[in-house]
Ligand code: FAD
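Consider the single chain below, provided in structure tokens and representing the form predicted alone.
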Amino acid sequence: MSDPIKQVDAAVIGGGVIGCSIAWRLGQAGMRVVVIERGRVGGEASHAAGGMLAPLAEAERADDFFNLTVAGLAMYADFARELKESSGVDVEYRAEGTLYLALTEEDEEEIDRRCRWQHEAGLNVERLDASRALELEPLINPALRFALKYPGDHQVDNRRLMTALHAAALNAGVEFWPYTEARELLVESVSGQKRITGVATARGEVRARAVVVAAGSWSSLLRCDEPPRFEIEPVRGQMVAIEMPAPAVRHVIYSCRGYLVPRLSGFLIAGSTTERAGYDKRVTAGGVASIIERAIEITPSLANQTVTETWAGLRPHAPDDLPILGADPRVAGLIYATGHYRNGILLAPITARAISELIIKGESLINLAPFNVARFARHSGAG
């Protein structure tokens, strides 16, 4: 039997890092908020992530998206501190930086190119010879040719982050509906103007003047009389946790083929695969084997360490690789915060600020124009 109609100020569809961050900010502002989550809160891509906050190590060019990621990272220290105060949970925000290794001749060409444009753009990148890099991380493959160091790239424990966000949101008065499918966006038309009125769920209707679509890889599956003109594709990423060797690895370490992320609890996260497998979250022998091979290439001593966990998550990927952020120009009150792909953890603070400002004040100081859903209508030639 469904519940009576629920009346709130804002409904957030999706209980991952993006949805919970937005809900927390809205709750702090005194709004009545319900988060509708199809499974366990924080149980999908947010749980499966690596926790790298690495806009420089992952950047290919200085563009609007890069600027968004850098601005997001700049908020993280305060975001982590406030979360600890609000929830009592330390998210293990760490600022040791990132190393990017050149292990082969082909790597040298790629990483030289990366270093050149980043230097020209005035970014904080340092080229280290092999001996200096090995001083920082003695377990790196001795075949190393050189490395780039990004002191400004940081990391966070994404699972602790989700625990903290859930607790902080609850403490701010946010209501959660876990294991509840959001089935349809409810829209009315008055004098030719379409407006969101709420969400139909498996548990009943939620009426709200603002609805945020933050459902990650499931964002395109919501039924609506005014369907969104985009498709979010799930992209599977498998991961492996490996017992920490001695001496402990401190930096996030990238190669051109994989990465390692150290955790204070005594293991390394090795990643990852990029697989278009639909909504299939299986961990496969081939995926795990490829990850371990790349991890051992970075740090050969891992060959003797225990594999402690394997898992997979579905990253929400938009057709042009960019997130979808901001108000729908056709439906008043309908707001998107989805398609973050590999950067949901990194972009959580800035997305939460922008979307909560949009709902509370009607506008945000953060420029969301490059990420608006209307770009897909332009590309398709639709009216």
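Heads up: residue numbers just count along the shown sequence, starting at 1. Every value quoted in this text rests on a predicted model; they were computed, and no experiment measured them.
The discussion below concerns the form predicted in complex with ligand FAD, not included here.
Note that among 215-223, 133-141, 297-305, 186-194, the stretch whose heavy atoms approach ligand FAD to within 4.5 Å in the predicted complex is 215-223.
For the options L148, A210, V91, M239, the one in contact with ligand FAD in the predicted complex, meaning a heavy atom within 4.5 Å, is M239.
Taking non-hydrogen atoms only, E44 approaches ligand FAD to within 4.5 angstroms in the predicted complex. For T180, a non-hydrogen atom is located within 4.5 Å of ligand FAD in the predicted complex, even though that partner is not displayed. Taking the partner from the other structure, ligand FAD in the predicted complex has a heavy atom within 4.5 Å of a heavy atom of G50. In the predicted complex, at least one heavy atom of G39 sits within 4.5 Å of ligand FAD. Contact with ligand FAD in the predicted complex holds for none of A11, F79 and R353, as no heavy atom of theirs lies within 4.5 Å.
If you take 339-370 and check each residue for a heavy atom within 4.5 Å of ligand FAD in the predicted complex, you get H340, Y341, R342, N343, G344, I345, L346, in sequence order.
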